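Below sits a lone chain in C-alpha cells, taken as the form predicted alone.
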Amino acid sequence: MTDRRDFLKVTGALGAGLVLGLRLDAKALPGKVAKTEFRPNAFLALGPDGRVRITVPKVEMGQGVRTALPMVLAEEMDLDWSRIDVVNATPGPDFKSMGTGGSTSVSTTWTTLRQAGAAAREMLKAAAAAQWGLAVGQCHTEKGFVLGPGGRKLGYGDLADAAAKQPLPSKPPLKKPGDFRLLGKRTPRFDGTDIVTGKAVFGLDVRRPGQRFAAVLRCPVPGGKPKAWDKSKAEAVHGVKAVVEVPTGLAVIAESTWAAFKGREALAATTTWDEGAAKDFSSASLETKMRAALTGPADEARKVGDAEKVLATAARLLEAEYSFPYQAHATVEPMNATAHIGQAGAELWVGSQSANRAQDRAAAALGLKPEQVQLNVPLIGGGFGRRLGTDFSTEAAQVAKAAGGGPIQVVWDREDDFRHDLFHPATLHRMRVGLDATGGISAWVHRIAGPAILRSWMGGQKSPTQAASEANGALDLPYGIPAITVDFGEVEAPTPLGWWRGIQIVPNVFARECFLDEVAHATGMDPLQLRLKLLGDQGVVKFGGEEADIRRLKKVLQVAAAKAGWGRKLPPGRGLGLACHAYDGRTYAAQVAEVSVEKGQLRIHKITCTVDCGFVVNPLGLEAQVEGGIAFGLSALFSQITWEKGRTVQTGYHDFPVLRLADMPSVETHIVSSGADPSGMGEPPVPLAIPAVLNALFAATGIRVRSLPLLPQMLQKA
C-alpha cells in the first residue's frame, strides 16, 4: 500500500533471501577462517569447538533482533543457546539489503532463517550418519549434538569439517511448532548484560587509533547556507585543529568532542547565514494552509460508494476536526558517525537502519565504488525511523574527506538533533459522518491535510502511491460502513521529513478512533459495542494493495475489553477508553486505557493491550515491544515541534517532553494466538495509546481533546 513498505520489502526481505543456499568454502571467505569451520550459508559459522557464530542481517536498535533472529536459526539447527555468538552483518555481497524498519525484521527473515538452520542440521546429520554407517533417518539432533542408536553421540564441532563436504539440501524439512524447544519461550536479551553494564558498543563508543572529532555548524533554517564567517576564533580554541567547509555547513575538527563543540560555539558567533526560502516558515502559516486544504481538491486514497451524496441526504451529520503536531524522533543517542578514509578506500561506523543505502551514499560522496566503502553497524541507541535517513552518515564521509582523511567521528549534540531532524509532519483532519434514521452510520469521510512524508523521502517527487501512504491508518478503516471516502490534501512545507515510529498511522488512527467514540456518544451507544457492531461478521477485507482479516481484529478487541473489565463500575473520576487497529493487515492490536485527572494532572493508571502478531518468537521480547511502543505513543500526547522564522522552537528534552518513568502506566499484555506466521510488533502498539487514553479521559471527565499536545489548561474543567 505504501512506498515505505515496498522500500523495506526490497531492502529487508530480498537481501536475506539472496544469501540462502550460498555455499562458501574457506578460500572464498574474507580474512582468516579455520579450515574446519562449517559455513553452509552467510548466516552461520560452526567452529571445531562447537560454538556457532550467527550473523544477524538486521540492525539492533533496542527491538531485540539480536535475540529473536538467532532464536529462529538456533531452533531449526538444534543449537545449544549458551554456545552461540552473535555478530552484526555488514553490507556486501552476502547482505545486499539490510533495511530495518516497518516492523518487518522477523516476518521477512522467518522462513529464510529457518531454512538456513534446517539445512545445516541436515548436513550435520548426514555427516554423522556417514561416519556411523547409518541412514540419516536413524539420527536426530539435540542441543549441539547428533544422536544415533545405541548411545551414539557426536558434537557439532567434531562434525564441522565433514558436514562442509555434504551437499546442501534444497528443501530441508522444517520443524512443526509442537516440536519447538526454544521458539515461543521467554528468552532474555542476548546482549542485555553487555548493555546494562556498559560493555556494548554503540556508535558514540567507536574509537580508532588517531581518531579526531568534529561538530558541524549548520544553518538553523532548513536549506540555508553559510554566507560569511571568521574561523580564527574557532581555531584559537584549545584542541581545535581545523575548520573546513562541507555541503551541510562548517565543520570544526578537534582532538575531542568538547573542543569541537567549543570551537563551533566560537565559530557561530562570527558566522552569518543565507537562510534561503524557508526563513519565514512558521507553524501558524502552515496551519492556515492546512485548514484551506481541508476542503476542495484532494488525492483520493479510498472510495466506497458516494459518501458525499449520502452525507447530503443523511438524517444527521456529525463533524469534527483533529490536529496532530510535528514530532521529533528524540533518540537517546544523538546522530553520529565515524569515517576513516585511507589510500584504498574508506571505512565507516554508522548506527544505520539503512546500512546498504548509507554505504552507497557515502561512496558517492567520496567518489568511490560501494565495494570500496566498508560500513560497520554498531548498536543503535534509538532509531524510531530516524536512522533510515542517511544525511548524518553522508555528512561524516564529507567531513572526513574535507579534513584530509584519517578517522573522524562527527557528533551531533541534542540541539542538532532537534534542529535538523527528519521530522514527522503536522496534520489536520476533517472528520464527517452521516447517520441514517435509525442512528446507524451510513457514510464516513476523512480528509487529511498536511505535508507529504513520501514526497520528502523521494527527493521532492510525487509518488503514485502518495495518497495511500499518507492515509495509512485511515484508508484501512476496518469498520463495515456503506459509503467511505478517505483522501489527502497535500500542503507544501520546507521542512525535511522522515519516517517516525508508527508513521502516518499514529495521527490517522488518533483522529479515526477518537471520532468514532464521538459518534458512539452522540448515538448513545457503548464505544465497544459500536465497534463490534461495525466490525460485524466481515472476513478478509481488501484496502488497495493490502488486506486484513477483520475476525482477528474483532478477537483482540474482545479479549482486551474482557481483560480490562470493560463495563465494570469505576471509582468517581475514572474512565476507560479503547482503540483498535489492523496494522498493515499483518498485526492486530487493541488497547484499553484507564485514566483519571487528579489536581489538574492526567494520570494514566493502566493500559491493557491485546495483540495477534501470528507466532510469537520471544514472548519476553514482545512484551518489551508493547511497553516501549506504548511509552513512545504516550510521549506524543505531550510533545510537539513548532516553527518560527524557519526554525524549530524546541531544542531538547527540556521543551520537548518524553514520558518519564514516574508517569509510565502499568501495562498488561495479552497474546491471541492465530496460528499465522510472525508479523511485526515494533510499531503496532504505538498508534493506539493516544486514542485509548483520550477516549478514557472523556469517559472520566467529559473533556474531549481533539488537538495535541495535551496541555494543562485543557484539563482545567476536570
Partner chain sequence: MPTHQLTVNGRVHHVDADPATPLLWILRDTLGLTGTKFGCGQGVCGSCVVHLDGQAQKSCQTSLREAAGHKVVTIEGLSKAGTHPVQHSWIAEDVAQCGYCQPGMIMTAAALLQHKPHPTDRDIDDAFADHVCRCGTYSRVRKAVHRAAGGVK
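Numbering follows the first chain given and starts at 1. Quick caveat, the model's predicted, so the values are computed rather than measured.
There is also a form predicted together with its partner chain; it is not shown, and the following applies to it.
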{"item": "Contact assignment for its partner chain in the predicted complex, among L217, L578, I380, L73, heavy atom within 4.5 Å", "value": "I380"}
{"item": "Candidate from E347, E627, D299, E287 lying within 4.5 Å of its partner chain in the predicted complex - any heavy atom", "value": "E627"}
{"item": "Non-hydrogen atom contact T197 with its partner chain in the predicted complex at 4.5 angstroms", "value": "yes"}
{"item": "4.5 Å heavy atom contact, S674 to its partner chain in the predicted complex", "value": "no"}
{"item": "Partner contact for L204 in the predicted complex: its partner chain, 4.5 angstroms, heavy atom", "value": "yes"}
{"item": "T55, heavy atom within 4.5 angstroms of its partner chain in the predicted complex", "value": "no"}
{"item": "Segment that reaches its partner chain in the predicted complex - one of 291-299, 92-100, 187-195, 391-399, heavy atoms within 4.5 Å", "value": "187-195"}
{"item": "Contacts with its partner chain in the predicted complex - residues in 614-643 whose heavy atoms fall within 4.5 Å", "value": "L620, E623, A624, Q625, E627, G628, A631, F632, S635"}
